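Only one chain is given next, in structure tokens, and it is the form predicted alone.
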Amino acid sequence: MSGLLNFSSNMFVVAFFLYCAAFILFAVAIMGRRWSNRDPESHRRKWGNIAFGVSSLGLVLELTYFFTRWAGGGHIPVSNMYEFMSFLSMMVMVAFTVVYLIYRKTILGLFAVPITIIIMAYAAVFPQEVQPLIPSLQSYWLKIHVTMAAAGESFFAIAFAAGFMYLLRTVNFSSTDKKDRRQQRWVEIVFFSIILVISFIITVFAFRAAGYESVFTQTKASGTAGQTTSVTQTVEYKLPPIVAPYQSKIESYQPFLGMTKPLFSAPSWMNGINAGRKFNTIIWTVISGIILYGILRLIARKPLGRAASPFLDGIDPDDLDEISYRAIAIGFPIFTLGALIFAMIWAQVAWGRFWGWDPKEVWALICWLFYSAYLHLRLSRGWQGRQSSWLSVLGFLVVMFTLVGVNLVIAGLHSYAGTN
């Protein structure tokens, strides 16, 4: 089976580069028409069709990766963070393909395809070995619950792309009015949030390529009163340790930029397993994000929202608003079935209760309530345009925290999904 798994991994890599090529071609279709001596609309259609063909080929190869990994691993590949995020990236492309075939909006590819690229790159941060399913995952409900939840979330991603494009198209970036300035700041915050994810990926891969590693031992007391025992564990850092684990000792330390030891230790309330390392990762993500954002601002010589806005000239904002709404309307019932109803049935089968206030369950409910509120405000209160777009953008940020933040930061019954 190793040959099949190697072939599967190669298909994933090739699909990634095809998506990158498709993104460049979508950019040529949108930006190149400005300098085309012929009919700009003909230029857009020609290159847009080529870009969509390349992205579709990438989707075929990613589907090949998915099914060959399933065959080689013996179970559906959605059981850990690498597999789930890879599957989510594939479903985002499926959702994009469906929406593109309905609306034929080339500009959508310029924003939707990068979401897939970022998710695939984020997936590659995690260990990629195939491991046997733990007992709690050995159920056919794994296929139903996880795949449908990811399918619903993929349409939320398309709604995010369309909603964010609407904001870039309609916010007046040249205005000095207080209300417009507030809108400009929030658009920039969304850009910075995206850059944080990208900078995290770049930072991890950079230090991984350099072979960086520092090791600590952490002693933690556990047990009840009168029966306390001490447990010593090894904590490996793949990023230079700005913050050391709580009550730890250095076993090996690789200096970086003159740092011969961590600047400080994690506070006492971060005494959990790997809590200090996660805090260190957050610090590095913020630092690298600020640096990357600053570089992009220097290149653009203006806020990123103002730099991106001109590329959407000529795009009907009402079309973008409609795409965002339709994507959520498609994704919401799928998400409801997968992330709530089928999840509760599986919880009853696995743990003997439908609901247990586990952090992942709570945040899945928060996501559902948020998009329920979106649909209510849209259909009953007439929230459209900018109000609706902000909700679609904020909603997907909540989804990503549920997928990433809850799995990797908050301990719970679903924590196994963040390990490998």
Partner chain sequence: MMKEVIAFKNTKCECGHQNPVGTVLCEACGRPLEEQDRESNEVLEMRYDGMARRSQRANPNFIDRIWNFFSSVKIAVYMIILTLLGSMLGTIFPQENTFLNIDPSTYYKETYGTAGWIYYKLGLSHTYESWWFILLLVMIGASLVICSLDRVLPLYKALTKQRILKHKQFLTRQRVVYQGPVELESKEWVEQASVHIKKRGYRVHTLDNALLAEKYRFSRWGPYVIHIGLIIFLLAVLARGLPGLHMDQHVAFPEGEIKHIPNTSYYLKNEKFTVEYYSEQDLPKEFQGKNKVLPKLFKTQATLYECTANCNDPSKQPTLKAVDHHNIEVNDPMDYKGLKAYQFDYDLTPVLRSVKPSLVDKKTGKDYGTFQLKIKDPERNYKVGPYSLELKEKYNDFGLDENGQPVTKTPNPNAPAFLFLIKGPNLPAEGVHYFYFPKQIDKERFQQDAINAKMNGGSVPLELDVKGMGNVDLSMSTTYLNIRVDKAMPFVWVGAAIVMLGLILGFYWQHRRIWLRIDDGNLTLGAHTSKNWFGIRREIAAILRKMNLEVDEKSLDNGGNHS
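Residue numbers count along the first chain shown, from 1. Please read these numbers as outputs of a predicted model, since none were measured by experiment.
Below, we turn to the form predicted together with its partner chain, even though it does not appear here.
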Q: Report whether all of 138, 349 and 377 sit within 4.5 Å of its partner chain in the model of the complex, measuring from non-hydrogen atoms.
A: yes
Q. Should residue 359 be classed as touching its partner chain in the model of the complex when contacts are defined as heavy atoms within 4.5 Å?
A. yes
Q | Touches its partner chain in the model of the complex: residue 87 (any heavy atom, 4.5 Å) | A | no
Q.
Using a 4.5 angstroms cut-off on non-hydrogen atoms, would residue 368 count as touching its partner chain in the model of the complex?
A. yes
Q: Using a 4.5 Å heavy atom cut-off, state whether residue 65 contacts its partner chain in the model of the complex.
A: no
Q. Within 4.5 Å of its partner chain in the model of the complex, heavy atoms considered, which of 196, 235, 125, 329?
A. 329
Q: Using heavy atoms only and a 4.5 Å cut-off, determine which of 333, 74, 310, 267 is in contact with its partner chain in the model of the complex.
A: 333
(Q) Given the stretches 22 to 30, 56 to 64, 41 to 49, 377 to 385, which is the single one in contact with its partner chain in the model of the complex, using a heavy atom cutoff of 4.5 Å? (A) 377 to 385
Q) Looking at its partner chain in the model of the complex, which residues in 315 to 348 have at least one heavy atom within 4.5 Å of it? A) 316, 318, 319, 321, 322, 325, 326, 329, 330, 332, 333, 334, 336, 337, 341, 344, 345, 346, 348
